[in-house]
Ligand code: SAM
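One chain follows as structure tokens, the form predicted alone.
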């Protein structure tokens, strides 16, 4: 039997797809192309409505001879709408018990916890979920309804998994959670302590993490980011809106002043840190003035990257009860305006790197060019066929808004 997996979603979904792949391959299944597979598995996140549109479009292209499975973070309303198009809709956290629902998966007999399933990984990057679920209930977000409440993995289990990956040659470790800052919030060891424990693992590797919530971003976390030499100088801290009234409507328990103070403190303690954020435009009640407040925040903070989404209502969320007051045309216009701001600030930030020598991790080498990521998670291209999965040094010689060009330094 053969399988193929299509993933629509975030890094958590990507990691889940690799767990599915590992379990299937261990059970004798072979990976195949989308056209030739027996089982086609769509691992999707319907937290954003446009993903459901993509699923519908893909279904229309598929052969009816395959067994179609839908899994991931899929809302009940979307499940009901899509169930006629799929043979099975399965919960990702019940992955090790899928064989009880699908006879053809009878070889999957691992009854262990979801976290215990290993992931099929490709070097040099490994994603490590440290928790799942969310307790924040932001008014626009469906994660608590599809992932459930927060559940953290034991620190010992995480350390053992990371240690094993480092021994196998992985160089970039991502610690994942819907809100990593609240990891083990009722236990003795919180996220800053976990970060330090991972940092103390012997080996040459980088540590990154996502996502963080501004309300939980503590001074202790900043201190650990600064003192732990393997933690990279990159941070994604979702703002979502630069208007205090919209933040209240979103149920984001911080205001713009608190956010700016946190950023100021981070920049002071970790000079040169690369900052990215998440923004939602067109949230119900977002007036022109509220949008301009968000635009002003982007201009003031000067992010290196911003993931800008146009608001779409999701079932069960409180925001779905609000009137979607901004037209799609206006949402697109506002997203474009913010993108133009981002391009300018990112270009200025990147031009400041020209002439500097920086470290990077080689991701891919082809046609005489090597592409990698810097410690600040910026894409860099250098001439030469360098070995993938290794650290190198380069002098930055050119910059664009979202990338760097570098000259490889042979002796670092």
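Everything numeric here is computed off the predicted structure, so don't read it as measured data. Residue numbers count along the first chain shown, from 1.
Keep in mind that the form predicted together with ligand SAM is missing from the display, and what follows is about it.
- This chain is drawn without ligand SAM; in the model of the complex, the residue among 213, 208, 121, 295 with a heavy atom within 4.5 Å of it is 213.
- Here is the short version: of 224, 310, 153, 249, the single residue with a heavy atom within 4.5 Å of ligand SAM in the model of the complex is 310.
- Interface residue remark: residue 97 is not counted as part of the site for ligand SAM in the model of the complex, having no heavy atom within 4.5 Å.
- Remark: residue 195 does not count among the residues lining ligand SAM in the model of the complex, judged by a heavy atom distance of 4.5 Å or less.
- When contacts are judged by a 4.5 Å heavy atom cut-off, residue 314 counts as touching ligand SAM in the model of the complex.
- Ligand SAM is not drawn, but in the model of the complex it has no heavy atom within 4.5 Å of residue 380.
- You can rule out all but one of 88 to 96, 196 to 204, 133 to 141, 156 to 164: in the model of the complex, only 133 to 141 has residues with a heavy atom within 4.5 Å of ligand SAM.
- Taking ligand SAM as it sits in the model of the complex, the stretch 244 to 282 comes within 4.5 angstroms of it through a non-hydrogen atom at 252, 278, 279, 280.
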